[in-house]
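Just one chain is shown here, as structure tokens, and it is the form predicted on its own.
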Amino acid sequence: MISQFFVLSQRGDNIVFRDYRGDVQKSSAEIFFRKVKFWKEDGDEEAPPVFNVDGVNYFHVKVVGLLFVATTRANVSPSLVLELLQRIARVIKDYLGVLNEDSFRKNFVLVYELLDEVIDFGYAQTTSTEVLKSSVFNEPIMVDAGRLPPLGPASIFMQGTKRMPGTAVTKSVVANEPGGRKREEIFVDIIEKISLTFSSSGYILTSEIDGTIQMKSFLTGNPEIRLALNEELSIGRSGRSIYGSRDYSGSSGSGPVILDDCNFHESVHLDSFDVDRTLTLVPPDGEFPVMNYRMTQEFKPPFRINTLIEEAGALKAEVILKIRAEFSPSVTANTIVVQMPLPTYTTRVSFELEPGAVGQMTDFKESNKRLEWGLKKAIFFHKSLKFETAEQNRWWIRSHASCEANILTGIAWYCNITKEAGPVSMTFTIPMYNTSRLQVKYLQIAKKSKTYNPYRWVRYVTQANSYVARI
């Protein structure tokens, strides 16, 4: 299967290196980092997750700033290796509590012991934290999490800057807290990634939600848990629920939730699922997906994008981008980035933000002729309880693009700017917002005694996977 596994820091430092077969050169880590750092092929700024250099296949995922890499000369399934890298990262995080360079270096022996059990001669053996506990005996050395940026349990599955905000979960599943006591708590995350395409007139062409219910348990004794979902939840394209109702209402408000399909973790029992939509399970150690689901029915998009391109003089054009939020005033969106490719003969771009804009950034990427607009937060503002205008949940930017060329190119500019510019793409993260309306109604834990009352944490995160508006 794989020949080597190594972990690199953002600077390219080799933190962990394991050679399983000896058929790939030892300098592969340096070759990989140079290739990724100076990647300029096909006009892309970032290297793809899989590429080949001199007959060696490189597979990599970026997890909270660290590069997890595997190499091989064999013709293996890319999705299989990428999934293995993600699971290795998850297992290491379960043991160390925190994924960063400092935690790796302090737990050098433990990480290598884990890798020896997970992979044997390049073949994956197990990636189950619960199974590994019986064969891994080193105790983790905990890193002070107070100095670290907040990382949610969902962030381990996000690449690059697509990290989930929220309460930090930096505890190891095997280490005891100071004093020998263990805080009884359980974390449940409902994470949804939206793929949506708007037409030039604003209509929705394609829409899809890929969601997962992630769980991480710190309960001693692994008690039985009952997780109740929406009672009016239906599965299958027929749209029939246990009440026989059907509704295609927006993402806000009540109504049946219609999923196309779903699958469950092996520990989940579905005895009462068809009756009252309740999942019964004994959670294994570590982080795991309780349920994965997909939804392609119509839903209310969190943002609307409007684009207007007009001629503004000789070899100049004016681009106006408008974003309108469609969610509740109690919700705040974070890390919003809007991108729009411009024609290749664009030379200069100037920007004009709305009056009083705060926490926004603009940039023109000369290398790939791309306009970028970023907002740290998108939130509703109310002047009073009785006064609210429709513009309070809208943001806009005006860009002036110029072209320096001969008259023939100028003619092409006027004729082809709408064809060569765009489409507009958008990325965002919305904490405590759920597009599909799938909810955890209650989380019940089999009590050992009357005084046993562990902490329960449930949160929702919505993120853009492919949010595109055509021009």
Partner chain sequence: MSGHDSKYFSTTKKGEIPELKEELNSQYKDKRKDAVKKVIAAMTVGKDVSSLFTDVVNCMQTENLELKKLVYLYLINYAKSQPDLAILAVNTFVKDSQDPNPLIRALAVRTMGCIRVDKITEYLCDPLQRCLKDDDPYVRKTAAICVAKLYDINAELVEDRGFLEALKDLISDNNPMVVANAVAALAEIQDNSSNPIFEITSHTLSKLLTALNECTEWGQVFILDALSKYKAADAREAENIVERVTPRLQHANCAVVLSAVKMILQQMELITSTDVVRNLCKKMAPPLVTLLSAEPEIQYVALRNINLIVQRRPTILAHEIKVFFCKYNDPIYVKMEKLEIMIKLASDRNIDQVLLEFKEYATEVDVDFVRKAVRAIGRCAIKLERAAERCISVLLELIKIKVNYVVQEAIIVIKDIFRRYPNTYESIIATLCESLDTLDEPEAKASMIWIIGEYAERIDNADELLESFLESFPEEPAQVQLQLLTATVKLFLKKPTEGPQQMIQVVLNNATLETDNPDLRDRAYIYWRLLSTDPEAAKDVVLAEKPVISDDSNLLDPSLLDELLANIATLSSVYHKPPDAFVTRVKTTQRTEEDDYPDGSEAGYSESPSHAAGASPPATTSSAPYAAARQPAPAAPAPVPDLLDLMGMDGNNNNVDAIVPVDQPAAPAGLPLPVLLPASVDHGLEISAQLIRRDGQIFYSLLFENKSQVPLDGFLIQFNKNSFGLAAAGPLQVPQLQPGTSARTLLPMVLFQNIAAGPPNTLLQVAVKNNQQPVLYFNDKVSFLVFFTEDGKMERTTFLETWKSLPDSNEVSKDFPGIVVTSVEATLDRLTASNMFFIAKRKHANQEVLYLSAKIPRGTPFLIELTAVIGIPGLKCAIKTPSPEMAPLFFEALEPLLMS
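Just so we're on the same page, rigid core means the largest C-alpha set that superposes within 1.5 Å between forms. Bear in mind the structure is a predicted one, so any value in this text is a computation, not a measurement. Numbering follows the first chain given and starts at 1.
One more form of this protein exists, namely the form predicted together with its partner chain; it is left out here, but the text below deals with it.
- For a residue to qualify, one of its non-hydrogen atoms must sit within 4.5 Å of its partner chain in the model of the complex; none of 318, 363 and 374 qualifies.
- Only one of 300, 304, 277, 106 lies close to its partner chain in the model of the complex, with a heavy atom inside 4.5 Å, and it is 106.
- Contact with its partner chain in the model of the complex, judged by any heavy atom within 4.5 Å, is made by just one of 100, 332, 86, 335: 86.
- Although the partner is absent here, residue 51 lies within 4.5 Å of its partner chain in the model of the complex, judged by heavy atoms.
- When contacts are judged by a 4.5 Å heavy atom cut-off, residue 350 does not count as touching its partner chain in the model of the complex.
- Within this chain, residue 294 lines the site of its partner chain in the model of the complex, having a heavy atom no more than 4.5 Å away.
- Among heavy atoms of residue 220, none comes within 4.5 Å of its partner chain in the model of the complex.
- With its partner chain left out of view, the stretch that reaches within 4.5 Å of it through heavy atoms in the model of the complex is, among 74 to 82, 92 to 100, 319 to 327, 183 to 191, 74 to 82.
- For the partner-free chain shown, 420, 423, 425, 426, 427 of 420 to 434 come within 4.5 angstroms of its partner chain in the model of the complex, judged by any non-hydrogen atom.
- A displacement of less than 2 angstroms separates the C-alpha positions of residue 214 between this form and the one not shown, with the rigid core held in common.
- Comparing the forms between this form and the one not shown, the C-alpha position of residue 205 differs by less than 2 angstroms, with the core used for superposition.
- Core-superposed comparison between this form and the one not shown: the C-alpha position of residue 330 differs by less than 2 Å.
- Relative to the displayed conformation, the Cα-Cα distance from residue 77 to residue 267 shrinks by 3 Å or more in the model of the complex.
- An increase of at least 3 Å in the separation of the C-alpha atoms of residue 77 and residue 465 is found in the model of the complex, compared with the displayed form.
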